[in-house]
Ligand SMILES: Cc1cc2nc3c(=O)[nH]c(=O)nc-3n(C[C@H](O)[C@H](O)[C@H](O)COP(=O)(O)OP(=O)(O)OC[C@H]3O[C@@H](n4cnc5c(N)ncnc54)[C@H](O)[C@@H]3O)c2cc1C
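There is one chain below, alone, in structure tokens, taken in the form predicted alone.
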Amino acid sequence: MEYLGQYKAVYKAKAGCEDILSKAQDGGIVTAMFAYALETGIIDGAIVAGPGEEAYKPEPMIATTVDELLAARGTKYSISPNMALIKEATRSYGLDKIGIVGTPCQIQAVRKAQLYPIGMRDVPDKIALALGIFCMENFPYQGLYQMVEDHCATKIDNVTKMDIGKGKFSVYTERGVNAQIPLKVTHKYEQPGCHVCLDYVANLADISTGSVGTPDGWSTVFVRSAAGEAAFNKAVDAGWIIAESMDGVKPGLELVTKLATEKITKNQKYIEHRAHAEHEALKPLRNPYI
């Protein structure tokens, strides 16, 4: 499947630990995978999106314990610059085997740093496990704040969970109130850089995961690399992750493919349109007699 990238296997999966599942966004795969990797020495720390000083404004953090991983559970719909901590993880924390989670663009940055480690001497070979998350688009924090407080009429400090699915952006509070707005309302708040991204399922990750394609409480998981395959299979064998075949799962890979195709096709058109506009704008500079 062209837009799903190369992968060795794909599963319907969820964390096998109730403590992780209780506050997981969906299947809790990232938390469970890193927790297992920490406990078994596959990694000695993970760079994750942790809680910031303001509600739902994430800040990158280095988790070296399962408790720290649990504190960072849940999807954040505003960007967390996790790449910024790679040097600190190795040089301040002294980590030799790093886990990192990121959106498709961040995983691309990880791989570029490994290929061209300019300014990152002694860092690339210490990235032991890169987990990617499905991403259609992301939001600057102020945009997210406006979506919650203005459009959903809910104080962001009272929100316990946010979710995007079935064409809607949803927020939940401790009282169980569910405010929803259609995604067409959120488009104007998207990060501009998201419109040039041609990756939905984090093709370059060792393991990539997202809620699309599986029932509530589960996640779709693509195992992509040899390192990802070894770690994932061991986590399943140890009971940290429950994995089942995607055969017969609804809506299944058909929906994942549909959304990946929509994102890439739309963004490719935008890239071509922008390239054409730039070409036209530069014409007078190339030939001042026109």
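Quick caveat, the model's predicted, so the values are computed rather than measured. Each residue number is its position in the shown sequence, starting from 1.
Another form exists, predicted in complex with the named molecule; not displayed. Remarks below refer to it.
Contact here is defined as any heavy atom lying within 4.5 Å of the named molecule in the model of the complex, and by that definition each of Gly27, Tyr77 and Ser211 is a contact residue.
Distance criterion of 4.5 Å from any heavy atom to the named molecule in the model of the complex singles out Met136 from the list Met136, Ile181, Ala109, Val177. Exactly one listed residue, out of Ala72, Leu204, Ile86, Ile156, brings a non-hydrogen atom to within 4.5 Å of the named molecule in the model of the complex: Ala72. The chain is drawn here without the named molecule; in the model of the complex, the stretch among 147-155, 114-122, 99-107, 166-174 whose residues come within 4.5 Å of it by any heavy atom is 99-107. Using a 4.5 Å cutoff between non-hydrogen atoms, Val48 counts as a contact of the named molecule in the model of the complex. In the model of the complex, the named molecule lies within 4.5 angstroms of a heavy atom of only one residue of 189-207, namely Tyr200.
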